[in-house]
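Just one chain follows, in the form predicted alone, and it is written as structure tokens.
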Amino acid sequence: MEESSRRTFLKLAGFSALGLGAKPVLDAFASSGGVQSKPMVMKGEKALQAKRWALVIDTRKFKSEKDLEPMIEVCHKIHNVPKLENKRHEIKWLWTEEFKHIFSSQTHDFLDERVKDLPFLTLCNHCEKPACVRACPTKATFKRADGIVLMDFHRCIGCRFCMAACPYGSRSFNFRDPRPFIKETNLKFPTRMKGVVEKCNFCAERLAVGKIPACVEVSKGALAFGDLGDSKSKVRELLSSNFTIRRKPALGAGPSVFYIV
């Protein structure tokens, strides 16, 4: 089945190259039966529910990159993210960047020194209108009803259209088999294979059993996770009482990750 889908995609991609255009090609692929039905939010007895999940990062509680290491380490450990020395092959779910790199449109010569030199926690923004989902020809990446953008690793054919569409650089591609580079495999979460795209999933597997995201759990209050659709939630409380910014808001993607500066 998987091999058949790959052949179908390559054939349709060839038609696109001949000038038929992207939309007819994607429509044709959809009609071929290769599109996943609309995903449902997992509803277990203990599952945490929300209209739209969001993350608020209080940058005032961080002083150096060392403060962010526990969050990155726990995320990568439980999600079997490999540690590769070659930067070109690096896989990242959470990582740090400077203000000028992730908020390029908001930087200026008189930026506050604390903000200018501070490392910012970076991840998938789980956008309200995710370009990656629209670009994926196999629906390997999809958006749930609660706003979480996920990856179906088995449906990914490695075309990297989602990576090209993402304006935040939040996705990684496995140029090589990642499994030999995982120090301690978490058997409760799937490992990936060569040729597959991956990214942060807002710890969807933890939400399904009533747990908050691992990075939030170890953040000592610096990260808050909650329902953006609930006016009484912690994230709404923080947003209403603090000045926050989001990455590249002018694009209209509607990121669900907010930064208190």
Partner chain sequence: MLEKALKGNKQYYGWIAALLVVIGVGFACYLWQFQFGLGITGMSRDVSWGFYIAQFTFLVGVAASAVMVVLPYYLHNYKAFGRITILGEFLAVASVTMCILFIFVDLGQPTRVFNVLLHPTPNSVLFWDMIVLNGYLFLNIIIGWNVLEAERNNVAPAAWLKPLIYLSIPWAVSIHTVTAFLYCGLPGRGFWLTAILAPRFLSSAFAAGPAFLILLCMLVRKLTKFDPGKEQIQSLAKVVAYAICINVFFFLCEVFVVFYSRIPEHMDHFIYLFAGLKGHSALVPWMWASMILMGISIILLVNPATRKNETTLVAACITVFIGTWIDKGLGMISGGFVPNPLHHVNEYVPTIPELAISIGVWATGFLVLTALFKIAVSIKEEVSGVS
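Positions refer to the first chain, counted from 1. All values reported here derive from a predicted model rather than from experimental measurement.
Omitted from view is the form predicted together with its partner chain, to which the following refers.
Proximity to its partner chain in the predicted bound form, defined as a heavy atom within 4.5 Å, singles out one entry of Arg88, Lys183, Lys188, His108, which is Arg88.
Contact annotation: of the candidates Ile72, Val115, Ile148, Ile102, the single residue with a non-hydrogen atom within 4.5 angstroms of its partner chain in the predicted bound form is Ile102. Contact check for Glu128: no non-hydrogen atom falls within 4.5 Å of its partner chain in the predicted bound form. Proximity of Trp95 to its partner chain in the predicted bound form falls within the 4.5 Å heavy atom cutoff. In the predicted bound form, its partner chain sits beyond 4.5 Å of every heavy atom of Val235. Residue contact with its partner chain in the predicted bound form: Leu239 places no heavy atom within 4.5 Å of it.
Contacts to its partner chain in the predicted bound form (heavy atom within 4.5 Å) from stretch 146-178: Phe153, His154, Arg155, Cys156, Ile157, Gly158, Cys159, Arg160, Phe161, Met163, Ala164, Ala165, Cys166, Pro167, Tyr168, Gly169, Ser170, Arg171, Ser172, Phe173, Phe175, Arg176, Asp177.
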